[in-house]
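Encoded as structure tokens, the following chain is the form predicted alone, with no partner shown.
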Amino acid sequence: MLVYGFINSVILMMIALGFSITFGISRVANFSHGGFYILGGILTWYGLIKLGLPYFLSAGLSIIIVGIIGAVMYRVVLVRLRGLELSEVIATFSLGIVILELLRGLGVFGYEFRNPVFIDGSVEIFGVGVGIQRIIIVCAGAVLLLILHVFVHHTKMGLAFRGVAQQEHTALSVGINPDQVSMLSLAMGSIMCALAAVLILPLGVISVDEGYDILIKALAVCIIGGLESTLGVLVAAFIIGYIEVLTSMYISSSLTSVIPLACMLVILLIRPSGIFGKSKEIEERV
């Protein structure tokens, strides 16, 4: 329970982190997150199986392509809808559906669409057999958090990201272009989404329907932790991750898909802004 709960929590954190970063900086809720996730996986598969590219080259290219699509989505569509939250949700959700259903129409289903693990085999941790791919995911999650912390706090671009996230108009007055930063945040969130897909999808098959599940999980983790809080995403991922494992072990594995939705409903009733969210409390005080 402890070992697989931890691994499951890291997987949820990686799934949700790109969504949280994008919203925290640009205030855009990217509802095409699930579509980008599956697109990252299928582009890796296509490069690997159809084009015969080396695994890491294929994965790297797919991550870059998804990042470019995220940036183009902002530059072509979202820049015209800034401030219209409902329109932003509709636009991004529509793009996500287009991606997923286009892939379905192209025949992306079945066990044929499966990316191999990076390294085959398993090791024992506290007497529990764990696949090396899962260990790679945990290590990659830790490295990603470290890189993200250094980028946000110790680089010029990261400081610009923080400035726009805190106060867009003030950032504009000191020479920071909010539209450019927001576009880069969409690209960055999309890259992190595709990276999560490259790492996680080798554990199963590439399924179009999983794109919708990924979006729900990302939303649940972000809403529970606080949409703009990286720490909140980490805490919420561990809460949901361990509850899912406990439910699977002691009740029924078929109920694990309900856990994120149930947890999200509970937190919305108790604390609408999430565990570490601040925006709702600020609005109420004002």
Partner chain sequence: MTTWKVLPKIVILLVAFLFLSSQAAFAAPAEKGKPIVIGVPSSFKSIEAADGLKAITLAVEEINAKGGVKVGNEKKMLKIESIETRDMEPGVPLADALLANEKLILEKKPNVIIQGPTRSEVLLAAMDLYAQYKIPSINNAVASKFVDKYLSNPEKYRHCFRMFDGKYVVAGLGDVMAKMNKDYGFKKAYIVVQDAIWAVGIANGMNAWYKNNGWEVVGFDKYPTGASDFSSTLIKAKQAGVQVIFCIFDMPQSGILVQQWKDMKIPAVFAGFISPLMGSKAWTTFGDKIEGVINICFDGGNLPLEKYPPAKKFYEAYKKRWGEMQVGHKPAVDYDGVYAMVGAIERAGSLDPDKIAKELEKTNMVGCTGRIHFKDHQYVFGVDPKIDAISAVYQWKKGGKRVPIFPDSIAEGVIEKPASMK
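Source: prediction; values computed, not measured. Positions refer to the first chain, counted from 1.
There is another form of the same protein, the form predicted together with the partner chain; it is not shown, and what comes next is about it.
Contact annotation for the candidate site: Ile68, Gly175 and Leu184 all lie away from the partner chain in the predicted complex (no heavy atom within 4.5 Å). The contact residue chosen from Met249, Leu231, Leu57, Ile64 relative to the partner chain in the predicted complex is Met249, the criterion being a non-hydrogen atom within 4.5 angstroms. At the 4.5 Å threshold, heavy atoms of Gly204 reach the partner chain in the predicted complex.
Among heavy atoms of Tyr111, some come within 4.5 Å of the partner chain in the predicted complex. In the predicted complex, none of the heavy atoms of Ala140 sits within 4.5 Å of a heavy atom of the partner chain.
For Gly131, a non-hydrogen atom is located within 4.5 Å of the partner chain in the predicted complex, even though that partner is not displayed. Contact with the partner chain in the predicted complex, defined as any heavy atom within 4.5 Å, is confined among 100 to 108, 147 to 155, 162 to 170, 189 to 197 to 100 to 108. Taking a 4.5 Å heavy atom cutoff to the partner chain in the predicted complex, the contacting residues in 208 to 240 are Asp209, Glu210, Asp213, Lys217.
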